[in-house]
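First, one chain by itself in C-alpha cells, the form predicted alone.
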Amino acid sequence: MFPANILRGFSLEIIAKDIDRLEDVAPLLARGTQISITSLGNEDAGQRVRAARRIRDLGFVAVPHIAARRVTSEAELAGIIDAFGQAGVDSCLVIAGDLPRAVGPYDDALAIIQSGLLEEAGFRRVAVSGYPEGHPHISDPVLMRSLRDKLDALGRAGIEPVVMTQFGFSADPILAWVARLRRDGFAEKIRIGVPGPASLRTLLRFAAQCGVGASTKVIGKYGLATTQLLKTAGPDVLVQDLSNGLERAHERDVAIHFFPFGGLAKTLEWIESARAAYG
C-alpha cells in the first residue's frame, strides 16, 4: 500500500506552453498543489512569468525554474526575480542549467542563492537539484558537497530549502540515495522525480536528454520492453517500490514530483486510479 503522503503531497512539472492544458485539468488538482515551470532555451522569462501568474490564479503554487548559466547579468537576474515576485511567486527551483558555460556571472545555483536577491525579494522556499543516479559530468563527492553548500546557504538566508531530484526508473538507487542523505544529516524535504505514464520511446528520449540511466534492464523493471516502443505504461512498480522502501525507513518527509511526459491528463488519471486502488 502506498503511504498516504507520497501521493497526497505530489507536485507536477510543466513547460510554460502547457498552461492551457493545466487549466483543462485544474479541477482534478487540490488547491495549493506545487506546479514547477521548466526553464527552456526556446522560452523567455516573460513566458514563465505569465504562466506563473496563471498558476497562482488557479489556486496553485508556482515554482518557476531559474537557470543560472542563462542569466546574462545581475540586472537581468534582479528583473526576473522581481517579475516573479510581482506575479505573486515566492518559491522557485534554482539550477545551473544545461549550457556548458555561463553567458553571464552565474555559473551555478549556489551563485544565484549567494547573490542575496531571492532573500531580498522575500522568497520563502527554494528547491535545488538532487541526483540519485549521479551526474554524467560531475563526481559524486562534488555533487554531495555542492548540495550541502546550497542547502546551508539557503538556511543562512532564512529560506526553506527543498531537494528535488531528477527522474528515474528504479527505486533502488533513489532509496539508497535518500538513506545516505539522512545518514549524513540532511533533514530537508525531498521531492522524488517520477515519470508519469508515457511510451518507452518518450521515456528513453527524455532520459537521454537528462543523463538518466535508462538501460534495458531498468526499463524492463519499469514495465516496458524494447519491443513495446509505443506502449504506454504508468509508474506503478516504481511508486510501489518507493513506497515500500520509504515505509520501511520510516521516512515521511518525501513526496513525488511527476514529470508528465505523456501529458498532464494521463498523469492525473494515473494518480486518481492509484489512489482508488491503494487508498
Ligand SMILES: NC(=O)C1=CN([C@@H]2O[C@H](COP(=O)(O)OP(=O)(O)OC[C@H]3O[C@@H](n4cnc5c(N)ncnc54)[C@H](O)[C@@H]3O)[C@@H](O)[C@H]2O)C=CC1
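When you see a residue number, it is the position in the sequence shown, counting from 1. These numbers were taken from a predicted model, which means no experiment stands behind them.
If you look for the form predicted together with the named molecule, you will not find it shown, but the lines that follow are about it.
Looking at 155-163, 84-92, 115-123, 102-110, the stretch with residues near the named molecule in the predicted complex, meaning non-hydrogen atoms within 4.5 angstroms, turns out to be 102-110. In terms of contact with the named molecule in the predicted complex, the residue from R201, R180, R148, H135 that brings a heavy atom within 4.5 Å is H135. Proximity of P197 to the named molecule in the predicted complex falls outside the 4.5 Å heavy atom cutoff. Taking the partner from the other structure, the named molecule in the predicted complex has no heavy atom within 4.5 Å of any heavy atom of D140. Proximity of D98 to the named molecule in the predicted complex: non-hydrogen atoms within 4.5 Å are present. Within 4.5 Å of any heavy atom of the named molecule in the predicted complex lies no heavy atom of F169. Contacts to the named molecule in the predicted complex (heavy atom within 4.5 Å) from stretch 45-67: H65 only.
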